[in-house]
Ligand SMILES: Cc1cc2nc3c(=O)[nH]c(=O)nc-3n(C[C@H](O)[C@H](O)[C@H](O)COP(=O)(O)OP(=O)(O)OC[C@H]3O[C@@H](n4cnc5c(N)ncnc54)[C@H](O)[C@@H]3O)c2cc1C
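Next up is one chain by itself, shown in structure tokens, the form predicted on its own.
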């Protein structure tokens, strides 16, 4: 393993922008990871671990520490249990699981990034969250300098949330143990999927997990920009969760505002609806960054864009939503300053 100096991080993120890492290395084994962490500790450097770079915004100033690119790979399957290296591409894993006829992963198709990032964010789409599939997470504890297995309940999963966000920097995920279902059932309760399979539902046709995967890939391709062509990190913000009382007050001003029931007498509001219908900001541009014309939750960086421009446009949207609805929205993308 070699540790490099002053490496541009832009090529390692889907936003395609960002400054240099003071130190940079790629690790492909447990031994290399220990070596990298020891290097950082000796020099009292902060550590940033990246996978596919699909959910981060790197500052134009870069990262004044050690960036570790996680390349630990491998898929070991025993019946319906899959032990997967953190460096594996997430959608490749989904495609593999679907091809084996196991249920549970298909609704999470076409999400960019690597396996190691999925528990951190507790990624979710079309009625499924990855925490529903996780048995345990294998990680390196930088405090004790030892490897640990963290069970699903210990990971404290929530909406786009987990233990790994609240104890940031302590655990470096090197693998995830997943449970897939041999005799599961498909989940097409989400509105877009119901619409996609409308004819099949009416005709009571058989819908397979392969059909669901293909549907999700198609729907996402229609709604979201291709991150391989455009600088983007997908949905930039979380959908806000507010109380039923606050929602009823909003309905007085915006009678058509949709919601989804949440625990503790709360509801989740589709932020894309607010940005589109209330704030009317689709296509809004700031410098070399714009709001995606088909999905207001998505920001796109054009050639010449800076992280500062992305951050400024994001703050503008946050202010618009606050002014119109009184809701404080949070970023889904991690800002690395």
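Numbering follows the first chain given and starts at 1. Bear in mind the structure is a predicted one, so any value in this text is a computation, not a measurement.
Beyond what is shown, the protein has a form predicted in complex with the named molecule; the following relates to that form.
Using a 4.5 Å cutoff between non-hydrogen atoms, residue 56 counts as a contact of the named molecule in the predicted complex. Though the partner is left out of this view, residue 238 does not reach within 4.5 Å of the named molecule in the predicted complex, counting heavy atoms only. Interface membership of residue 66, defined by any non-hydrogen atom within 4.5 Å of the named molecule in the predicted complex, is ruled out. The named molecule in the predicted complex comes within 4.5 Å of a heavy atom belonging to residue 70. Listed stretches are 187-195, 143-151, 245-253, 163-171; the contact stretch with the named molecule in the predicted complex is 163-171, by a heavy atom cutoff of 4.5 Å. For the residues 269, 297, 49, 307, the 4.5 Å heavy atom test against the named molecule in the predicted complex is passed only by 49. Shown here without its partner, the chain carries 60, 287 and 301, none of which come within 4.5 Å of the named molecule in the predicted complex through any heavy atom. Looking at 206-236, the residues that come within 4.5 Å of the named molecule in the predicted complex, counting any heavy atom, are 220, 224, 225, 227, 232, 233, 234.
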